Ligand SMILES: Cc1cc2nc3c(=O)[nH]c(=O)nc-3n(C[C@H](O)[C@H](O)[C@H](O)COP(=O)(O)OP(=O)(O)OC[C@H]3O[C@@H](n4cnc5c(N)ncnc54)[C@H](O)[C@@H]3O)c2cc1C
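Below sits a lone chain in structure tokens, taken as the form predicted on its own.
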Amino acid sequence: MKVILVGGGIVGISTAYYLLRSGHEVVVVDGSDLLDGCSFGNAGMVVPSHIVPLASPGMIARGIRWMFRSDSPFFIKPRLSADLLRWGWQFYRHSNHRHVQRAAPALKALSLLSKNLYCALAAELPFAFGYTERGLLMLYRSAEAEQEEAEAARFANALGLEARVLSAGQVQQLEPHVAVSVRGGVYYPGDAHLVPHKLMQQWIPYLAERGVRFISGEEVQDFKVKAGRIVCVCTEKQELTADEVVLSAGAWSGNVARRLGINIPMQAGKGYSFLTGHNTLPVTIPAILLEDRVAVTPMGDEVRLGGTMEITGLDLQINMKRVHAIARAIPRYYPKAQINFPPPETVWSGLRPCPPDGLPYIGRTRRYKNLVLATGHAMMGLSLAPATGKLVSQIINGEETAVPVDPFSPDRF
């Protein structure tokens, strides 16, 4: 079949790979130049440990506290928006223990599938992208964070994911090349990381050489529909016929879906990152600095520092106050690290597609017979991309999916 993918981020590229392996003709359409975006500058973490969705107990109160700090790791820009109000109401409704109990097993299954597929990709693709299995450290400095992470570790262990609660001394033993100043941490040995821009910069030409057609710099503006099927995807320059259509446009997916009369609640969550030298911060294990919500990932000779979640619409402008907050957080956990404030031109920003319940949208919608959604992965896009691509290919092939997709139904709202 001829499959049109609307969106060429990591989820779209993963989907193209598995569809190509199934023998389909694949066309990827993206309004960008496919040289940047959330799939390039993210923290590069593959994290089966992340089984608690963003909508969880305590997030509302924590978010309200952070709202009044110009350098906080979480911010929602107040604005008159019916979409934002509806999203906020659904986020509030899902921020409870019952939702976490329902969502966690589904996220675990999806994450473990994705990690296994990354292992296979590292072996079968003819290029290296820095895939490394060293686990993840969740580091904390306060008693409150210690209590929360100990509970998270108990929850993970109960679901069969190994989580080790460590003392400050045990954390230091795992990071012998850098001084660590923390109350303790939780270590998830099953997590991994990679270098996202190395993956994207090599995977796209690899697919192009094998027949995937990439159309960049053209936004999808409309669709032609007949008898409940999408028969044509229209850009400003051309019309593309399709047997199947996959919507994987990241933070822009909600806008594209509206052109088809589909409502998938979505807000763009902006994040920032920048690079520092490994000699400045010689970490070997990726870490999340919990009180500041900063991610630290070693990537060869460099270390990527990233963080923040700004719900500000489709706006990529950089707020340097929040970037400086990321830099200031590092010496609190690694006291000998001297992180200089990065100049604005070296700071990356990207938009994460955030559903209100913290679960991605994967699967068909009742409205169209030949449309599959693959979007809404929030901060887990890179981590969950191979599993999503595999599931989409199985759905289009009419096969039984490797894990159940009902929890991720695009029609659940």
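Remember, predicted model here, so these are calculated numbers, not experimental data. Quick note: we count residues from 1 along the sequence shown, nothing fancier.
As for the form predicted in complex with the named molecule, it is not shown, yet the points below apply to it.
- Query: So which stretch, 140 to 148, 333 to 341, 180 to 188, 214 to 222, is the one near the named molecule in the predicted complex (non-hydrogen atoms, 4.5 Å)?
  - Reply: Contact criterion met by 214 to 222 only.
- Candidate site Ala43, Gly271 and Gly350: all three near the named molecule in the predicted complex by heavy atom within 4.5 Å: Answer is yes for this spot.
- Using a 4.5 Å cut on heavy atoms, which of Phe75, Tyr131, Trp252, Trp87 is close to the named molecule in the predicted complex? None of the others qualify; the residue that does is Trp252.
- Report the residue, out of Ile51, Ala378, Val27, Ala55, that has at least one non-hydrogen atom within 4.5 angstroms of the named molecule in the predicted complex. Contact residue from the list: Ala378.
- So in the predicted complex, does Ala156 come within 4.5 Å of the named molecule, heavy atom to heavy atom? Heavy-atom contact with the named molecule at 4.5 Å: absent for Ala156.
- Would you check, heavy atoms only and a 4.5 Å threshold, whether Gly307 touches the named molecule in the predicted complex? Gly307: contacts the named molecule in the predicted complex.
- Query: With a 4.5 Å heavy atom cut-off, would you call Asn370 a contact of the named molecule in the predicted complex?
  - Reply: Contact with the named molecule, no.
- Task: Although the named molecule is absent from this view, report whether Leu382 comes within 4.5 Å of it in the predicted complex, heavy atoms only.
- Result: Contact check for Leu382: yes, within 4.5 Å of the named molecule in the predicted complex.
- What residues of 1 to 23, in sequence order, lie within 4.5 Å of the named molecule in the predicted complex by heavy atom? Contacting residues: Val6, Gly7, Gly8, Gly9, Ile10, Val11, Gly12.
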